[in-house]
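What follows is one chain in structure tokens, specifically the form predicted alone.
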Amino acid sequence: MAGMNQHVIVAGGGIGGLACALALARAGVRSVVLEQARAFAEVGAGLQLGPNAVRVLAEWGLMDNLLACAAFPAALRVRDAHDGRQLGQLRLGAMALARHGQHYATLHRADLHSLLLTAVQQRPEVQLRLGARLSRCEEDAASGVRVTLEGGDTLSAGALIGCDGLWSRVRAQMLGEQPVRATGHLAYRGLLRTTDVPPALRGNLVTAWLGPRLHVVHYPVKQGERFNLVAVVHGQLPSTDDPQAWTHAAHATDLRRALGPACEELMSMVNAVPDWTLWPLNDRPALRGPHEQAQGRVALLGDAAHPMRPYFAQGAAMAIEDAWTLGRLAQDPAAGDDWPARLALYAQTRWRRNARVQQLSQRNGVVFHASGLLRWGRNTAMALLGERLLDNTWLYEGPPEPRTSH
């Protein structure tokens, strides 16, 4: 029992949980990762990683692995979903490298998850435990945290990091039951072979189509061999127990109806998708203080702490930044094994940045889906300000170094 409180329990084996375990392992901290599923897997389709997240992966020695599975778009182009005209552009590729010192990447979620899992499996400091779902946790400020799993097993550790997503059980234990917030938006996600993409849209680009009450984004993944597409529209799930059981034809028909008078070029891309999955988008209000990211020996990371609407392409990046920050603080010999102090510094470092990204993600949803005068103002601002409006130096030059005091 003597060394039991020197390690950490990580609840959740998704991108955030694996990144957390890897960051702690690099600092010499042992952890056990509890994953409720019987096998490690990642659902969903593509994601974007800005230079802030790629910088972390590079520091962790994973750049070659990223190069082997990602695409690196040359630019972000914003277009009108109805008439097809270009509204704005942000150069990425070599320009992102020159401006921010690191790449802008697009990849499949499963590839990022696999990349992190492989790295974690090579670390003797990390124990992976499948089929392990947290039931409750109890904290003893003096000695540690005790976690009880469904089935009755118990584990003790110096700290518990909740990386268990939007419906986090760790969050409920730490902050009480708080219902998630329905956004009123539906995300249709699809993946298609690049050879099936209409020729005019096969460029190495992130393309965002904006229209009233909707937007569509597509970009290459898997070294350009596939394209990821997500269409977000306003609406509610029909009354059914299992929307994922709907047929592709039903999804496609509903999506085409929601897109309305979209331009022919956009519709050619939508019609090329062989299969759709449908996800209602939920989130939570932005963080209001460090107490919502850590208390005592328990902390939250990624979506468990700050779920984000996907309109700023930073959900995975903020989880990776959270993990990096914990790793840096774990490397500080001055902190010793004082996990409450370490986690307090973690929360102080992270909560404002995470809250800002949450707020901007929500704001972008309003701007992307604008109509009337707001739509006119958005288009005018893009035309006048160009890349200055689309670039986010404050974000892409992160993550910020951890604070060293309260």
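Residue numbers run from 1 along the displayed sequence. The structure presented is a predicted model; accordingly, all values stated were derived computationally and were not measured.
The discussion below concerns the form predicted in complex with a small molecule, not included here.
With the partner removed from view, the residue among 373, 366, 43, 68 that has a non-hydrogen atom within 4.5 Å of the small molecule in the predicted bound form turns out to be 43. Although the partner is absent here, residue 266 is not a contact residue: none of its heavy atoms lies within 4.5 angstroms of the small molecule in the predicted bound form. In the predicted bound form, the small molecule sits within 4.5 Å of a heavy atom of residue 163.
Although the partner is absent here, residue 15 lies within 4.5 Å of the small molecule in the predicted bound form, judged by heavy atoms. Contact annotation: residue 279 falls within 4.5 Å of the small molecule in the predicted bound form, judged by heavy atom distances.
For the candidate spot formed by 34, 109 and 189, every residue has a non-hydrogen atom within 4.5 angstroms of the small molecule in the predicted bound form. Exactly one of the stretches 23-31, 46-54, 373-381, 351-359 approaches the small molecule in the predicted bound form with heavy atoms within 4.5 Å, and it is 46-54.
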